Ligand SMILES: Cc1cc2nc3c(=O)[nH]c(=O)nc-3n(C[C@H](O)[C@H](O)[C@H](O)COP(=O)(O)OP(=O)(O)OC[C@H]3O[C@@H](n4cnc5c(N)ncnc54)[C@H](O)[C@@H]3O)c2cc1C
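As structure tokens, one chain now follows by itself in the form predicted alone.
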Amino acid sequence: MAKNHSAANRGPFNAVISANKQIGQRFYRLSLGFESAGAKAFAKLKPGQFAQLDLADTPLPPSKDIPEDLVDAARRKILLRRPFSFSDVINKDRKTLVDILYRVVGPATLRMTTLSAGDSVNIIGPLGNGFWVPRGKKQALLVTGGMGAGPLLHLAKVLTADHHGIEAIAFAGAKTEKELPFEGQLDEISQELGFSLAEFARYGVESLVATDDGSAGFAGPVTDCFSEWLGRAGLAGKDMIIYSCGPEQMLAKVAEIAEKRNIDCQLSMERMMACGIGICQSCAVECKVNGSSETVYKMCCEDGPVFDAKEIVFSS
């Protein structure tokens, strides 16, 4: 696993908003572009890496557009930068264009909805360590829950564009159909062929959907859908690799499935990241020590956010 600890290309950089599209009840896709030094730094962005956005001076939306459950929280000052991963990266005409999937959950993301074309946002990044591709793998299994979809969409693009010789299939889960961070499912014929989601289909990647309430696709947790698919798959564990991003409870189950089936697995962990560069040490992840019963704490922002699943100690 290659480390990305150089501070030389972390910025800060200014990015210009090109679009901020609402794709669901509280889901948005923010598109922004970098030039000059920022373009050069983000051109090498790896799937799973992230950046810290300064949203302190971003205004609130009109009162009528603030969800009732966020009315009180909306007035809080935004003191710290917020971390976001990326769903797409495009290098074009000496510019680097990136997309961020986000969901309105608090005062910072609420303010993000007011960003529009031509606005500027200050960003530190790219930060952390992303997914890596071991040699000899034939099948990549992308397991996403909720807002974990972003970095796995980016990974799907890289796996198919860079000719790694790996076939990929995605498993996307959420509590309900409305909580899937996508722009809808494809037609019935496409779904019968295994292409449920347009965002993955554009890269030629098959996808299956699971919802806890059965409102779309498989009825139940995405890990159950994934486990059932594995039971029917013909490949040996050594030929497969699992990549996963989502809620920690889901990641723990994915890690358990990977261990039982002896499949290599990489997990993108989520922690509250105050600084994003390893100074505040607020994002500790408990990890195992090889050959010992002891554990150590690693920083999600510097050592991760992507870890080998075998490293992570999940709370019971």
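One rule holds for the numbers: they count along the sequence shown, beginning at 1. These numbers were taken from a predicted model, which means no experiment stands behind them.
As for the form predicted in complex with the ligand, it is not shown, yet the points below apply to it.
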Assert contact residue (the ligand, in the model of the complex, non-hydrogen atom within 4.5 Å, options Ser227, Thr96, Thr109, Thr160) equals Thr109
Note which of His164, Lys178, Lys238, Arg103 lies within 4.5 Å of the ligand in the model of the complex, where distance is taken over heavy atoms; exactly one does. Arg103
Indicate whether the ligand has at least one heavy atom within 4.5 Å of a heavy atom of Ser244 in the model of the complex. no
How about Gly145: is it within 4.5 Å of the ligand in the model of the complex, going by heavy atoms? no
Is there a non-hydrogen atom of Arg76 within 4.5 angstroms of a non-hydrogen atom of the ligand in the model of the complex? yes
Taking heavy atoms and a 4.5 Å cut-off, does Phe50 contact the ligand in the model of the complex? yes
Of the listed stretches (113-121, 81-89, 197-205, 169-177), which one has a non-hydrogen atom within 4.5 Å of the ligand in the model of the complex? 81-89
When the ligand is considered in the model of the complex, the residues of 272-288 having a heavy atom within 4.5 Å of it are Met272, Met273
